[in-house]
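Shown next are two forms of a single protein chain, provided one at a time as structure tokens under the names structure 1 and structure 2.
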Structure 1
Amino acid sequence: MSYVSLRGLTKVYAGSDEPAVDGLSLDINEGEFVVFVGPSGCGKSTALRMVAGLESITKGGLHIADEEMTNVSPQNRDIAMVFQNYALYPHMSVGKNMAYPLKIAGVSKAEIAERVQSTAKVLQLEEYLDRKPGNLSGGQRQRVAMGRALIRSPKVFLMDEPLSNLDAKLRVYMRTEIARIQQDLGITTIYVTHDQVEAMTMGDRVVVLKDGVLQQADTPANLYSNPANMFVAGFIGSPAMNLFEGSVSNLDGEVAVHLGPNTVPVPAAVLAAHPSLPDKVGQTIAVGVRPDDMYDAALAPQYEARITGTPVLLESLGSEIVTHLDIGVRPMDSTDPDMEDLTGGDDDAHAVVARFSPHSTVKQGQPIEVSIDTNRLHFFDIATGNKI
């Protein structure tokens, strides 16, 4: 039995006819850490706020711990939330901020003091209890906000982009801190972010949303290795998966995909995993290859599928060489609007990206043999975007 159950949650804001969240169904287990991820405006916050009760639910139902919560007021849902801007009470000290929900709940003074102390200890805030939030650093405010949320051991813990106001280093630190605290306390958590690294590193399960519609809800590993559709394929992973238009051929059972001038044979094991692939013979489909599944052929001779490409840009990061290649066929748009923002809609930027080992001798402008791990190819129907 699931602990938090979203049943076809739908939100249509007044004055808009497009739903911001459309029929979101999801079952969350007790103690699970679920991350909502997706491009800006996809409805992550709206979904979270419906769970919190801060937005009314237009259609659908919400159950928490087997109780119908759809129309219950936020005060009575036993839910705590951490906001992007922390939303601390500026006139109260750190200790008072954390004590506030307990005070309202009518907890005795002695118990409040004790719980403030123990929560402050978990969050390493003991020395700041008498300070006002205005005199704290961003990371400390962040922890106070978490303390205020965690102190009354809510049924569900919600966080809306809690780390986006922190600098990169602190973000990485707080990421592990939050994951650790969540694990220690075992509180069922829904966490919203648009940062896929956060999503992948923190979540037991990651829910990808696009235009208010759930695309895939799965473990980070599955999301990466087995994306349900082209959007998820393009959204998860950095650099993003390369997607090409390709045609399928079947010569006496030897199935192959053709990417422009390149032919990539599809091994039998992959065919078994994608049984409907041979049906697509003669049709144009989308073929996906992750940058990590492309190798400098000189260094990875074990992969027999070869294509030839000309490096147009090399980014040497020390641990790897991110190589942008022209392979004679243009990659497709993954329809990820964030990507569009990054490239400014510039089509030339859509080169094929591969991650080569630092030992590679790849040189800009010199054509190179690239080997592909064909066991890890992805195939999508172009019309529906779904995987084949």
Structure 2
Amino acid sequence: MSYVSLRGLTKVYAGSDEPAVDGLSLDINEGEFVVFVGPSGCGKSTALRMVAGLESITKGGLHIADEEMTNVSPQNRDIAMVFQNYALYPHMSVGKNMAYPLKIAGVSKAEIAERVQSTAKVLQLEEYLDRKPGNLSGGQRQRVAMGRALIRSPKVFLMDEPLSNLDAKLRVYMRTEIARIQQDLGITTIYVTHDQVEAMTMGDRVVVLKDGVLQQADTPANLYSNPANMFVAGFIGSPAMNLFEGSVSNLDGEVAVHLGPNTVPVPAAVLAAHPSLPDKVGQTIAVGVRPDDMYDAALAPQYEARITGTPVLLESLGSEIVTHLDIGVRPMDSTDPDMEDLTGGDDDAHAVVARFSPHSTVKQGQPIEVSIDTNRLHFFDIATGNKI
């Protein structure tokens, strides 16, 4: 049974014709870590604030632990929220900042002291309890903000872009810390971020939003390997999935897709997973290939499907060579409402991206054979954007 239930949550602001959140329905299990992710303006923070009670619900319902919460005031929802700016009291010590919610609630001094110590231990803040926030690092201040929220043992823990003010290295450290703390405490958590890497590395499930509408809610692995539509396919993954128009044909009884001058056969196992693909023969569809599934053919002879491309840009990262290739077909942009290319005629306009082994001898401007793992092809309906 779900612990938090969003039932058609809708938010329409005064003076707006378009909902900021449109019919969001989602069931969250007790102890689950769910991440809302999407581009700016997709409605993820608005949805979180509706759960918190900081935004009114225009339409729909909210249940927490089997209790109707749609019109319950924020202080009576038994939730705790952490914002990106920490909102700590600068004149109070770490210990007093953490204790403040319990003091306001009338908890005894003895219990407050015990809970401050136990929470500080979980957050590894024991040695900082007497310091002021101004004497702490960004990561330490973030942990204090978490401690002040967690000390109340809320039913639901909400986090809105909590790492956005930290530098890149500290963000990596803090996201592992937050995941560890959530697992240790087992508190049902909803976490909002615009960073899909954060979402994929932290969440038990990831909820992808676009224009206020839920696109897909799934495990990180399933989002990556089985995106429900072109938007999810292009949004999840770094570098993003390559998407291009391709025509479907039947060659001597075998289905193939044509990407510009390149022909790629579709294996029987893939057809079994996409049974409606043969119905698209003679039609144009969107074909997706992740950069991870494209290889320097000289180093990956096990993949028989080959296309030819000319490298227009190489990014050597030590562990891999991110290779931008012109394969004679212009890639699509899944984030564009009309699924149109947004490259604007740049030199890299026809480039698709592959992640080559660092042992590749690829050279810029010199044509190269590229192998494709055809078992991991993706197909989408261009008109709807949905997976075929």
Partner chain sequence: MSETTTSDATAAAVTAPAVQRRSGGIRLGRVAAWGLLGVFMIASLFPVYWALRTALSNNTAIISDTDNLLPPEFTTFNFERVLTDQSTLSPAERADFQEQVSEVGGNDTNFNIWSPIINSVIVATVITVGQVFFCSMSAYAFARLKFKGREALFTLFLSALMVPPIFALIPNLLLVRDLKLDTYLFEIDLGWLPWAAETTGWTSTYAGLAAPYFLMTPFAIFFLRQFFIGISKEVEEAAVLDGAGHLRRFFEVILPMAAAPIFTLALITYVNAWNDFLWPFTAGRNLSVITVALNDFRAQTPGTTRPDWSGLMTATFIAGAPILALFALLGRKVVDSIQFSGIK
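Because the structure is predicted, anything quoted here is derived from the model rather than measured. Structure 1 provides the reference sequence; residues are numbered from 1 along it. Only the largest set of C-alpha atoms that superpose within 1.5 Å between the two forms is called the rigid core.
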(message) The form predicted on its own: is that structure 1, or is it structure 2?
(response) 2
(message) After a rigid core superposition, would you say the CA of residue 154 moves by 2 angstroms or more between structure 1 and structure 2, or not?
(response) no
(message) Once the core is aligned, does residue 318 move its Cα by at least 2 Å between structure 1 and structure 2?
(response) no
(request) Determine, after fitting the two forms on their core, whether residue 184 shows a C-alpha shift of 2 Å or more between structure 1 and structure 2. (result) no
(message) Rigid core superposed, I'd like the Cα shift of residue 252 between structure 1 and structure 2 in Å.
(response) 4.1
(request) Align on the rigid core first, then pass along the CA displacement of residue 134 between structure 1 and structure 2 in angstrom. (result) 3.1
